Ligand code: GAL
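This document opens with one chain alone, in structure tokens, the form predicted alone.
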Amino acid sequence: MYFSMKYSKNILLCLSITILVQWITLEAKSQKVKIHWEKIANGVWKAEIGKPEANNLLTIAGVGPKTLAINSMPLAKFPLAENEIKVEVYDGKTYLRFPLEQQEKIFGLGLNFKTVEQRGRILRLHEDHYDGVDNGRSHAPIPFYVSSKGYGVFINSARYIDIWVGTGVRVDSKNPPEARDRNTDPKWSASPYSDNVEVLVPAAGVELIVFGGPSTLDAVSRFNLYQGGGSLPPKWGLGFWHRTPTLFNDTQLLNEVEGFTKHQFPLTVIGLEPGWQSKSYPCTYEWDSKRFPDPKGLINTLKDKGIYTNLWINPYIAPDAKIMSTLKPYTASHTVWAGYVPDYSMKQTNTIIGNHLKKNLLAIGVSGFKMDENDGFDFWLWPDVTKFPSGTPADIMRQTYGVMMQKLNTKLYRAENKRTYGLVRGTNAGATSFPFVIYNDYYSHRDFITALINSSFIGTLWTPEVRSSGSAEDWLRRMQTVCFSPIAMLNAWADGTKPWTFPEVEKEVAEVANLRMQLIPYLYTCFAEYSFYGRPPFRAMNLVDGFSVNTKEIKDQYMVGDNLLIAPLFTGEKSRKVILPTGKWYDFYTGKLAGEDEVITVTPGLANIPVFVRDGGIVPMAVTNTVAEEKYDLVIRYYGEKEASYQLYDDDGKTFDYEKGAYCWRNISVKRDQVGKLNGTISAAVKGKPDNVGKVTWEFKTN
């Protein structure tokens, strides 16, 4: 008995010591980090947690902030309670926690297609082709969120990141939910309220950046400027695009162009799909000599018609491509479609591919690229066990591959002092200043608009291209939408559709395409504001001053710049509701008052997409259906009753000379004279600055 009791005490002592050692070990592994916030610009604070990886989203993109522009914004205080931000490094991972208030709404966290508000959702931000579910796997898994309270948080990691947005309820919650009895309480919820955003980064450290407001738009603008500001495309990029069927040859392509002339339809960019290459899937990046015996002559012929050329490529290089003789040592351990995967994180790779593109494509006048297949699916990309010669982990390569391709492409055109504008399937933070727009194969018209709205929260651009339709109504509705997006494009690569494929709506399609061309001065100014001030050219209603934050989730209307509200209709809809922010709003086409701070119902008919202009809205429009890179006549439309002003941007439309000061902001103002009549003026161009405005005509749309 004595022996048994003594033996039991020893066992208990040993167990206690073991538990104590495990607890001490756990505490040693778990490092609760005190955060030091460094103010690096007006309204921008940075903190380094643990040991951040050298390969992060911003270092890979190689961009720097526009500090002067950030510092010229309204003053902002640190927007969060510092003591409520918790960080911890444990088991080689970084745990982050940020506070949420009861009514706070969260936006961003990647390019989502079905949801705008992200609170109450769980996401893994993971580069991938969109597969119909908002779960974090998308073409732009950008780890940035912005709050309705007027601040933003950026987690600068190139890893796959897990985020719980107001879903994980902690024991130590400041505002815990009430425990309810499901048996008797009708207010019981399977998703109780949570007062935090929690983030898991699979690395032993991370860089955090917080952006102040005071408005939500200010926070987004600071985020964009921190990445170098938004892209400013060439003027031709804002015209109308058409991509030809995959295996078209030069004769068929020119016949396609003639069709645009015959139908009096605008055309600015012609896109060649995979068949321009001698091989694709995998690619050679070499012209097919049978389909295109004289590519330089073809491109010059198109240029003479005012048409620019854009070429499709994907990243995977055919074994017999000419560049493989030097490129092979700089490719990955795995192939895709039996093609080699270049390691774009290596200088040698960029030099070899860059020299080839420059010599064989840029030198003969190619104006840009559509960079496909750098996003996913899992079985269309290298696996995460792939080894790259640079030593860059495969998951980081996946998260940033599209960014690295954009970076090289942008540098090539910048070296020639030529602006480009193109398409890409995958992007991430750091690429805001790169002149590329995301597209994909998903084809829900309604979800396209939601994605366009979401792109404005995360510093990227998305285009809802038109491919095909089952009816004339759907065709026209899609064309109307695309003409109010970053790229107005018809992609006929698969079935050869034309803008006039449905003759019964050909007139209406032509009208909206011509309207797109006339709006280029307004659109170009929107993009200049994106570049200079960080304000997204296409933006969610939640970024609009005077739009109620208490309004339900808005997924089907958006703004173009400050003055135009777009409310698309979809197939089968004869009418729709439109939420108008504070102030008076006017119908774009008639100038009549539409409403003021209210929900209206509109029945526009098939011919027009509903567009509204705020009171005092000034909309400069070109008197042409071609891209006017030099002198052009201008019609200035004014809507409403109050005095107003507007800054019209201009430069040469095609080079980077604007970065050296070769640009002009011209003040357009509308004021009442002594008898109360509204009159408009436009300031003269500054001496020595671009002066491309010819004759000016005024249209006061509101009687």
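Residue numbers run from 1 along the displayed sequence. These numbers were taken from a predicted model, which means no experiment stands behind them.
A second form of this protein, the form predicted in complex with the named molecule, is not displayed here; the remarks below concern that form.
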Picking from Asp218, Asp128, Asp134, Asp372, the single residue whose non-hydrogen atoms come within 4.5 angstroms of the named molecule in the predicted complex is Asp372
Since exactly one of Arg425, Lys584, Arg535, Lys555 fits, which has a heavy atom within 4.5 Å of the named molecule in the predicted complex?
-> Arg425
Candidate stretches 592 to 600, 505 to 513, 573 to 581, 267 to 275, one within 4.5 Å of the named molecule in the predicted complex by heavy atom | 267 to 275
Exercise: Arg467 in contact with the named molecule in the predicted complex, heavy atom 4.5 Å = yes
Applying a 4.5 Å heavy atom distance criterion, does Tyr632 contact the named molecule in the predicted complex?
-> no
Answer yes if any heavy atom of Thr463 is within 4.5 Å of a heavy atom of the named molecule in the predicted complex; otherwise answer no.
-> no
Examine Thr525 and determine whether its closest non-hydrogen atom to the named molecule in the predicted complex is within 4.5 angstroms.
-> no
Taking heavy atoms and a 4.5 Å limit, what residues of 428 to 455 are near the named molecule in the predicted complex?
-> Tyr439, Asp441
